[in-house]
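Single chain ahead, written as structure tokens, the form predicted on its own.
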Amino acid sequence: MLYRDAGRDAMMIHRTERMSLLDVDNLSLSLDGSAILNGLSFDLWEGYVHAIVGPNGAGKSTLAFALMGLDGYRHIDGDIRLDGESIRGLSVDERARRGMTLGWQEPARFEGLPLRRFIACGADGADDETITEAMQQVGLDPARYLGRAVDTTLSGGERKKVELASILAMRPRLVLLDEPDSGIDVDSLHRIHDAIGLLRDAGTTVVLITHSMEVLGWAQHAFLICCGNIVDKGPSDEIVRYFRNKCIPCDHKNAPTLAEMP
């Protein structure tokens, strides 16, 4: 089977006790002399779906890149701890080996790389059964897609599904999904929503980086970020109300307007 048997009772214990998987302590980051993140402190609970929400330019993707330790985003002040142990000095590969992964807003293309091999590489040599099951769960017909390359012949929505299938097969402990609804159709959006539920039920901690009210509604808990600061945090339905009502008069250049509200 693709997913480990976490058990409903165990999951309820995790969610009741709110066991912290990742702790961020006073995280600050400047790029090209400009402060982008300003002393952020929060923790991500194991087995939950979290959202980091805010207008474009608020620092959401920068935060995801810093958590993942991408080149150019590792010179931080403060600390990031996984299972209570600092990962500040670890490379992307080392963080990945500890169970962290990142889903890109614009998934990469790899000319000539077959989809089967792409998923197997990310999932440490997953077998055909695991790959096939992951593809089916995101709505990709293995008979049509297994032999195709992860290149420009795939649409943006198809590449999103391929990347998510790779993550499902990977079984990460923590996944950061940057704008998971970017550039996809309604059917793909439903598939991504369902796949996030599968990850959650398997015990994966999911972080949705988004400015979408709909995607925010998928989360159990959310952080509202603006201008590199955490403005509010709490259950996602409370943050939806804050984002809808209190963000409107904000002077941020990308603040949502009434016309954009559902």
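Residue positions are given as counts along the sequence shown, with the first one as 1. None of these values were measured; they are calculated from a predicted model.
This protein has a second form, the form predicted together with a small molecule, left out of what is shown; the following refers to that one.
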* To do: Check each of 86, 155, 91, 105 and return the one that places a heavy atom within 4.5 angstroms of the small molecule in the predicted complex.
  => 105
* Asked: Which residue among 31, 213, 70, 198 has a heavy atom within 4.5 angstroms of the small molecule in the predicted complex?
  -> 31
* 4.5 Å heavy atom contact, residue 56 to the small molecule in the predicted complex -> yes
* Asked: Should residue 36 be counted as a contact of the small molecule in the predicted complex, where contact means heavy atoms within 4.5 Å?
  -> yes
* Decide whether residue 163 counts as a contact residue for the small molecule in the predicted complex under a heavy atom distance cut-off of 4.5 Å. => no
* Asked: Taking the shortest heavy atom distance, is residue 179 within 4.5 Å of the small molecule in the predicted complex?
  -> yes
* If contact means any heavy atom within 4.5 Å, which of 214 to 222, 39 to 47, 198 to 206, 57 to 65 contacts the small molecule in the predicted complex? -> 57 to 65
